[in-house]
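Take a look at this single chain in structure tokens; it is the form predicted alone.
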């Protein structure tokens, strides 16, 4: 762990030590950015009295990626390759939010088949993210086996994602008005998903629960640590498991439903998928861990409702609107399809979005992920702004660890599930 043994400035926080003159036992400790427990490029400057934390100053922006600025130079389909890199623990979420915003701006209604496939992919992404967070919660506190239980199942999700999209990690799967590709074989896809949600994942979750839920060390290290009150969760704008573990009953899928979470999603009166929103009131690290476990079970329930009822038909809206790419068979077999394809992808061509501004949020694994888009009527946005849940949730971190020991920093940071690329502004 990189550290600096120098006396900290006395004007940061008035403190009187019981063992001598004011501030004689205060030191500054740099926690990260090359610390394994930070998971990523974060730097925390800790003001310490011995090993007790008096103050924390977090530093962000070590990636310098310029994600939002890139959105003003790439068209609405090209930018999907950039949003993939934001929350890289579950890239599909960024795609759903980005193209959802573009489609709201352009007034595009997705096909029922596309909505179901996007919903399934989103819940697989939630499982992907929570498996990493829950596994790392054990890893950070010394339970390496719990991490293996979670990470092994993530590999199976990658197999499913690769089959769906052709890529394992940065999928770039969605497009304005649909998807890059339909399922190559629906029967094989259903078998893969059923095996995962009916067999391998439940057993792995049971292993994690058996190992950690009543483990004396894990419980002592997480209960009562990093507590957030309901009032603070609302005041700081927290969302996702961070807020729900503190008693805030807010879930975008319920409050502002989209895709298959909305009634009549197929235009034929079909009800929204059924699921429950897990809520706790203690707001500590242990509560956030339990909320994520239950959310994984609810994601399995959602996928089970959809996997055997995938509608037929196209995954893309009609290309007549000149906003979606034509099917490949048309590109290869007709001059009209070939012309349409090149009209959309050539740098000096492409479709133009109407003038206006929209905000489109979804419920990602870490909370409310949304895109605010301003269009000047061109083929690229005039302004793109991301509402990243990690950035908002991380803002309360200094408050959570005040008065705790250095060893508690790891537990609290892991429970927020910070992804550095979402912090990069």
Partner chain sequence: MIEFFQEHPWIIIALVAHGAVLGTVAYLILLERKTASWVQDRIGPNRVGPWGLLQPIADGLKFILKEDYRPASADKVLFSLAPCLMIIVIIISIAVLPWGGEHQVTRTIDVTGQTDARLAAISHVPSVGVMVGEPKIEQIAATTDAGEVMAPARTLATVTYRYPFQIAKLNIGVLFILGVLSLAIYGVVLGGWASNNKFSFLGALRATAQMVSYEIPLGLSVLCIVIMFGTLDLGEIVEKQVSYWGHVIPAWNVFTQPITFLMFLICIHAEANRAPFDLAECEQELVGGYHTEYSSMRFALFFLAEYAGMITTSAVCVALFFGGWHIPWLDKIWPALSGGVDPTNPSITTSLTVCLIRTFAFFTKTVAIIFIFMWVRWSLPRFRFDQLMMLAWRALIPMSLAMLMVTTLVVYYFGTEGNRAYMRVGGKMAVALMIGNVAVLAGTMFISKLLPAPPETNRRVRVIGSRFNRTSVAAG
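As the structure is a computational prediction, the values presented were derived from the model and not from experiment. Positions refer to the first chain, counted from 1.
The form predicted together with the partner chain exists for this protein as well; it is not shown, and the discussion that follows is about that form.
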Original post:
127, 141, 101, 176: which sits within 4.5 Å of the partner chain in the predicted bound form by any heavy atom?
Top reply: 141
Original post:
Quick one: of 250, 170, 221, 113, which gets a non-hydrogen atom within 4.5 angstroms of the partner chain in the predicted bound form?
Top reply: 221
Subject >> One stretch from 326-334, 273-281, 205-213, 161-169 that, in the predicted bound form, holds residues within 4.5 Å of the partner chain by heavy atom >> reply: 205-213
Subject >> Non-hydrogen atom within 4.5 Å of the partner chain in the predicted bound form for each of 152, 217 and 404 >> reply: yes
Original post:
Is residue 52 close enough to touch the partner chain in the predicted bound form, meaning at least one heavy atom pair within 4.5 Å?
Top reply: yes
Original post:
Heavy atom to heavy atom, is residue 398 within 4.5 Å of the partner chain in the predicted bound form?
Top reply: yes
Subject >> Contact of residue 30 with the partner chain in the predicted bound form (heavy atom, 4.5 Å) >> reply: yes
Original post:
Should residue 35 be counted as a contact of the partner chain in the predicted bound form, where contact means heavy atoms within 4.5 Å?
Top reply: yes
Original post:
Taking heavy atoms and a 4.5 Å limit, what residues of 232-246 are near the partner chain in the predicted bound form?
Top reply: 236
